[in-house]
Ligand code: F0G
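We begin with a single chain expressed as structure tokens, specifically the form predicted on its own.
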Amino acid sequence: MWLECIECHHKFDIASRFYTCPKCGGLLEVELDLGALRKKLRKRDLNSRPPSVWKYRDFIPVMDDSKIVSLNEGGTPLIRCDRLGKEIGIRELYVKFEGANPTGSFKDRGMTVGVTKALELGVKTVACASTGNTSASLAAYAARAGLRCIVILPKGKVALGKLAQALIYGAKVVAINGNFDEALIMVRKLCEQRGDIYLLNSLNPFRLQGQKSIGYEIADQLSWKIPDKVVVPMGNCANIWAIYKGFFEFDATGITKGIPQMVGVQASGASPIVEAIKQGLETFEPVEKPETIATAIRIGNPVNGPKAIRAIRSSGGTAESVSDREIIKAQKLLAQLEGIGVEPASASTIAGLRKLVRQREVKRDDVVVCVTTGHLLKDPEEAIKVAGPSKWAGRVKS
């Protein structure tokens, strides 16, 4: 295994400790010897292991198993949603409910690997910028590992459920007058100036190595079959690339055959990748002041944007933006038709799918998986605000 720049394709030792290519500044990706894995790994090997991120240990670039930091992340439900599918116009629709992870979001998949790598490197402090879920997850895994944790957040723009998690897990939380993109610049500078602090935003290529297990798990839960389309919310854009990479690696090693079309969804107030895809561009123009009710994807300059564009284009997929009104409607539909409660960013996938079905870019007979990335209780204030008054007006006698 090795690190490789996605731009200039220079290769670096897997033990290197930098976050971007020192040659050209491009994003780094962990590459595995998939030919060797193909020779030694069989589906029956995976079938015998219990559900978790670490079920797919063969694909995870960790050297020392004794350093693994886990809260039993992964193994989240893949729920067939027939009532919602009928409402939208899809015959076979599934929701991958990542809210069932230990801290309530998909970020735990990345942090189990990222914090394990921090222990392998011998650092004592980890840090991140966050819109909420990253901070909650990193704080929990740092506590589990006995590491110090620093979190930089945009002041007044993080849902209280997520902020409460970061605080109770013991992170040092710093609020700044700015947005997420400015927070990320600040934490990157901190980690560059202080060699003893390890950055665990998705700029870190090892974090994505845990998140790609979503792709493995979808295939596993569909009895090793590949869906036609996988719909993913895009904030900092690491997840759509990671999930694509999971399917790619399974295909390359013969575990499964084929790669689904990757569909990325952004809020209309923060949709630079959608605009790039629709205009046929290879690069994207950042949104200076991103705004949306979906705080988890309120990011105007996604650091992994180049990877997202590659994942969508390489898989023959597409991208779509949705309004806050469409997000809220989708959030209610998923909750009231299927009993699945998700935060607004997660509901963007349902909203995006509805739009694409109406535009006939998704066919009725397509097998579709919508990835919902965070639990409803991440942002309970928003849920109460948009739910509206109770429909039942009866009185209870004391």
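Remember, it's a predicted structure, so these values are computed and weren't measured experimentally. Residue numbers here begin at 1 and follow the sequence given.
This protein has a second form, the form predicted together with the ligand, left out of what is shown; the following refers to that one.
Does C370 reach the ligand in the predicted bound form, with heavy atoms at most 4.5 Å apart?
Output for C370 is no: heavy atoms all beyond 4.5 Å of the ligand.
With the partner left out here, check for me: in the predicted bound form, does some heavy atom of G235 sit within 4.5 Å of the ligand?
Looking in the predicted bound form, residue contacts with the ligand include G235, since a heavy atom lies within 4.5 Å.
Using a 4.5 angstroms cut-off on non-hydrogen atoms, would S346 count as touching the ligand in the predicted bound form?
Looking in the predicted bound form, residue contacts with the ligand include S346, since a heavy atom lies within 4.5 Å.
Does I299 make contact with the ligand in the predicted bound form, using a 4.5 Å heavy atom cut-off?
I299: yes, in contact with the ligand in the predicted bound form.
Thinking of T131, F180 and G374 as the candidate spot, does the ligand come within 4.5 Å of a heavy atom on all of them in the predicted bound form?
Every residue of the spot touches the ligand in the predicted bound form.
Tell me, which of T116, N239, S271, N101 has a heavy atom within 4.5 angstroms of the ligand in the predicted bound form?
Comparing distances to the ligand in the predicted bound form, the residue within 4.5 Å is N239.
Can you tell me which of 244-252, 67-75, 289-297, 82-90 lies within 4.5 Å of the ligand in the predicted bound form, counting heavy atoms only?
One stretch meets the cut-off, namely 289-297.
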